[in-house]
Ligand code: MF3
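In the block that follows, a single chain appears as structure tokens, in the form predicted alone.
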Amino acid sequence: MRGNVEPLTQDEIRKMKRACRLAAQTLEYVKAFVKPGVTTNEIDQIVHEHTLSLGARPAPLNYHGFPKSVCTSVNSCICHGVPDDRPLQEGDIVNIDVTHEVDGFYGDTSAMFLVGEVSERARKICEVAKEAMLKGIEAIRPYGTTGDIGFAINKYVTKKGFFPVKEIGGHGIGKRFHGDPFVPSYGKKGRGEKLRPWTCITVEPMINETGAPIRELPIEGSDVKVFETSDGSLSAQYEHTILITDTGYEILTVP
């Protein structure tokens, strides 16, 4: 357990819950706009405006130079996809990753969206990514470990014939957008960092269709990198922000 991860006070938990609830509301709101012909830049604008309407700030905007208010990762993009003017096409899958900052606290959540009719394989990888996230969350115990979460995710994902991304994962969150601990999508039970009650983490397994290496692409003017599959195969991700309690956990990113 790292000493710099301090438990939240009751007042801070209330603020954290509000930030997470509003982020979940924006993610739910944008769902109606995801359809063929819509650009991810249009989705970015919708998220930006809805975030401000709730009295929140879009945390990705200008974070380490990231140029947009939301991440939109389409098909082979694993995460940190930058919205652009390319229209979504029938059969695409897209992860929309929303983070709100409210009163100094961060709420972070993402989901996959199907664009029109998609292939059975595309539908399956999205379903497995969502269930993998839930398996990871179910493994959370106060003073358990990040390895417990990673073990549960990896076991489920590999059983379903997909490949968890090992280089990127969840993270501590609260007064900071990203902090300790790193929350992997693989691991061994009892290994890794301990989960401290009254702190928050994200559980966000990213899973790929194949075991091909991932590649990093630069974003102009930013320290953030875009991650993609090197062979163009599909990737999917779901994410919730979780409060670790003294008896278990609470999912905060619900509308």
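This is a predicted model, so every value here is computed, not measured. So that there is no doubt, residue numbering starts at 1 and follows the sequence shown.
The form predicted together with the ligand is left out here; the points below concern that form.
- Residue heavy atoms within 4.5 Å of the ligand in the predicted bound form occur in exactly one stretch of 173-181, 121-129, 146-154, 86-94, and that stretch is 173-181.
- Among the residues 102, 78, 71, 140, the one placing a heavy atom within 4.5 Å of the ligand in the predicted bound form is 71.
- Among the residues 66, 198, 29, 186, the one placing a heavy atom within 4.5 Å of the ligand in the predicted bound form is 66.
- For residue 34, no non-hydrogen atom is located within 4.5 Å of the ligand in the predicted bound form, even though that partner is not displayed.
- Proximity of residue 212 to the ligand in the predicted bound form falls outside the 4.5 Å heavy atom cutoff.
- Within this chain, residue 224 lines the site of the ligand in the predicted bound form, having a heavy atom no more than 4.5 Å away.
- Of all the residues from 187-209, the single one having a non-hydrogen atom no more than 4.5 Å from the ligand in the predicted bound form is 204.
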